[in-house]
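Given as structure tokens, the chain that follows is alone and in the form predicted on its own.
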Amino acid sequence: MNRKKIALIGGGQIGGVLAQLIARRQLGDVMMYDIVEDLPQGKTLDIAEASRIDGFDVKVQGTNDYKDIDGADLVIITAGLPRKPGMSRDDLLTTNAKIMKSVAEGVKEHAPDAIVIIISNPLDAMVTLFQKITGFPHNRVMGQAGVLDSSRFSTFIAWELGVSVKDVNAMVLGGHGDTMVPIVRYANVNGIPVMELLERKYGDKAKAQEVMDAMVQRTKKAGGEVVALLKTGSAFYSPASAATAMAEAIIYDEKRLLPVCAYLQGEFGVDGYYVGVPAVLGATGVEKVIDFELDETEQAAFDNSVNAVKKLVADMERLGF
């Protein structure tokens, strides 16, 4: 059987969960790379030894040498330091840019035809840097953020309304940071607007708006909430699940419409930057960015988020990356 080869760059918390999820779904053979000697070998051996229990036949292996990712069809990058309490994603810029530069060079040499999903923070800057160093086509380089942020938003809505999260559709756009833009107007439960359901629940428009505003703010701060609770790291289960959904859409050519950090060429009034937008994911990566009209308030919030991304990229360039 000609399985896909999936390389995971980074054997930390997210990398470990990713390897397990990919193996359980049998998306492809996994090669986990990390600079720490024996760490990826130990994690992948542990996962592989559960293959009989979890019912998978794909190979799950670890390495400290980039040559072992040779020919990877898909590369998922988690390498970088996680946030600590009080840190913003942007505080990680200098440290993680150095790491990403090294990773990009390794992937460019050994997996030149791969589609790449980046999870490392600060996300929009790291995706930009990776593409700049590798020169890969923009459609083959993307970032994971919107899938996770949208899931968080949907989860909070489901809890508030007492409905299954499976029936909640809600999307978050913009940069992956405190300026992200949850699109309230289109949030729905199987087609019924969430705002209408909140107004019915509370019998008061102002109260419904207050509750929604709180959910929007919690979504924006959700990563920081997890960091504050964990104290020694950042979220890892949910980012890994989000990246796995993206990987599945690409490997099975599902044409799923997902919010991803994609390169814009005029869509939403933005040209030449990676920003979180709805995109169709399939066998060639980002196959199409779906542009739709934002109202005045949404566009202003989106523009504000894009400006934050532009500043981040400018700061990175100023630092010599």
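Just so we're clear, the structure is a prediction, and the values are computed from it rather than from any experiment. Don't overthink the numbering: it's just position in the shown sequence, from 1.
The following text describes the form predicted in complex with a small molecule, which does not appear among the structures shown.
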Triplet Val36, Ile99 and Leu123 all within 4.5 Å of the small molecule in the model of the complex via a heavy atom:
yes
Given that the partner is absent here, does Leu81 sit within 4.5 Å of the small molecule in the model of the complex, heavy atoms only?
yes
Flag Ala170 as yes or no: does it have a non-hydrogen atom within 4.5 angstroms of any non-hydrogen atom of the small molecule in the model of the complex?
no
Residue-level contact is defined here as any heavy atom of the residue lying within 4.5 Å of the small molecule in the model of the complex; does Gln13 satisfy this criterion?
yes
Please run the contact check for Ser234 against the small molecule in the model of the complex: heavy atoms, 4.5 angstroms, yes or no?
yes
Among Ala72, Ile119, Val141, Ile157, which has any heavy atom within 4.5 Å of the small molecule in the model of the complex?
Ile119
Only hit among Leu198, Leu148, Ala187, Ala249 for heavy atom within 4.5 Å of the small molecule in the model of the complex is Leu148
Thinking of the small molecule in the model of the complex, which stretch from 234 to 242, 106 to 114, 212 to 220, 188 to 196 has heavy atoms inside 4.5 Å of it?
234 to 242
